[in-house]
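Quick heads-up: it's one chain on its own, the form predicted alone, in structure tokens.
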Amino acid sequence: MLTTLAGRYQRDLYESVLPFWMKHSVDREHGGFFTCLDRDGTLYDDRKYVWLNGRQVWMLSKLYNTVEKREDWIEAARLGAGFLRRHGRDPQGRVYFALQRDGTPAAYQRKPYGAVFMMLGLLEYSKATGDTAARTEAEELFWRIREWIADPRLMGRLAFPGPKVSQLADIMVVTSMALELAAADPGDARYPEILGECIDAALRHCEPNREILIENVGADGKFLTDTPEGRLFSPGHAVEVCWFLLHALRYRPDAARQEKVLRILENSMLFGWDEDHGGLHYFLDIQGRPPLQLEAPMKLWWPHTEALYSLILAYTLTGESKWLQWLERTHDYTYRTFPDPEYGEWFGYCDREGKITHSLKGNNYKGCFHVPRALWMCIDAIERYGSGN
């Protein structure tokens, strides 16, 4: 089964997904990447979103570093990295959310995520090119992001009374950055230490009754189930965090914690799966109350890409057949729902029954990232497992 899937994912990645983005997204005049692309690649908004530009720089640089040193990949990454370095930050070093085509500032979001993916893009680009200045920029940005997460007022967000909240998304992005930095500099003990902190912090989000990760808990670890935010479960985030934690545990080995993360992954699939229509719900309330998010019943592309890789990783770690059963179920739903055989790439947004609601292939949240990253990681994990590594 795994060999067959690897072949399917290779064809999808290199014959459909990457060609779509390479053909339609690269701005060779001003640099950077367009992401607001309709089904056939037609541009419907030429603004550029910093976090999606950083993600595409990372993706193309990662493929250049790990798969093949293709000049078209690194040249596109160079256009993206240069655009971000010229235009991505304000005079105080904060990172914009959106830019006009020529790099003129368009919007702030007062969240750290644009900076996160700019940081990751510059770090991977520096590995590909030997650009030490980009490496320094990435490392400095990492520590700034840590400060911004600890004190959001530094990003211009107002502080209000009430309990301080730990957000699972913040833990996830710090884990992602620390993993990349730990791999880039194995001799630096700071990053494995941070990964240990991230494991601790993420597991404090484990709701004890269902043993799943919920989005928001008190900074002191207290569950806030009297609010919709404190009852919010995102299956996609949960399974994505699980694979980040399994990677982090390579640096902080702990068999008991690995087993706990695998239980969380299984429970997240069980609770998150829509038994009536298939696929993973976007959001759920752990008490069965109405989520505030109107998009909660929809089926989106990215939770399914994250599930594919998480399930393959779980199988390679354990050899347990239950993971293959979940993988087959998830793969079948994903591939009958999202890929577009006519124009390439994947649709992103479906209703609960799996019917396409938006023709677009990209917007201000969907770009060249979740699909190609998952396909590449799935292929890599299967090949490593098959070779015994």
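Bear in mind the structure is a predicted one, so any value in this text is a computation, not a measurement. Position 1 is the first residue in the sequence shown; the rest follow in order.
The form predicted together with another copy of the chain exists for this protein as well; it is not shown, and the discussion that follows is about that form.
Another copy of the chain in the predicted complex comes within 4.5 Å of no heavy atom belonging to residue 93. At least one heavy atom of residue 110 is located within 4.5 Å of another copy of the chain in the predicted complex. Although the partner is absent here, residue 363 is a contact residue: one of its heavy atoms lies within 4.5 angstroms of another copy of the chain in the predicted complex. In the predicted complex, none of the heavy atoms of residue 169 sits within 4.5 Å of a heavy atom of another copy of the chain. Screening 118-126, 100-108, 198-206, 181-189 for residues having heavy atoms within 4.5 Å of another copy of the chain in the predicted complex returns a single hit, 100-108. Checked against another copy of the chain in the predicted complex, the residues 133, 150, 255, 292 give one hit for a heavy atom within 4.5 Å, which is 292.
Only one of 75, 229, 211, 274 comes within 4.5 Å of another copy of the chain in the predicted complex through a heavy atom, and that residue is 229. Along 123-139, not one residue places a heavy atom within 4.5 Å of another copy of the chain in the predicted complex.
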